[in-house]
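The data below hold one chain only, encoded as structure tokens and taken in the form predicted alone.
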């Protein structure tokens, strides 16, 4: 079951748009990070059930943040949310271990569908026990 969600994006507007696309009635705890370094730090601190990760950020981009998180937490569920939907970029993040890639801007129905897919994946990992 998803309880904690971490949004990693340097744009406050993008974080706000994504937050508004996440169903408010499910009691999710939503955390935010402003770049890859902040995302790694917050991941280690709060251990979210899933991450929405932007790719293009200052200081440390999403590609490197995904790689770093996956080194210490291969089970981390990372959904990439980006405007960069070139096949090369999508292939690279999937190779790094991203769960899914979504195109910005977020759409409520698509975000809800992704949350269901993540929930199903987490249930199957735990043998149905959540």
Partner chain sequence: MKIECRPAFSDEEKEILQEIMNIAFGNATADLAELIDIYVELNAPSIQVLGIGDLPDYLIRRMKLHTETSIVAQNFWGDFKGSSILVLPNRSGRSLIAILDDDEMNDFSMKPVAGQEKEVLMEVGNILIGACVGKVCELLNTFVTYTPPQVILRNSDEYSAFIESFDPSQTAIIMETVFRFQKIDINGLLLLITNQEAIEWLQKALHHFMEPYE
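On a predicted model such as this, the values are computed, not experimentally measured, just so you know. Residue numbers count along the first chain shown, from 1.
Unshown form predicted in complex with the partner chain; subsequent notes refer to it.
- In summary, among the residues 30, 67, 46, 83, the only one with a non-hydrogen atom within 4.5 Å of the partner chain in the predicted complex is 83.
- Contact check for 11, 17 and 87: all three have a heavy atom within 4.5 Å of the partner chain in the predicted complex.
- The partner chain in the predicted complex is approached by residue 103, whose closest heavy atom lies within 4.5 angstroms of it.
- At the 4.5 Å threshold, heavy atoms of residue 117 stay clear of the partner chain in the predicted complex, well away from it.
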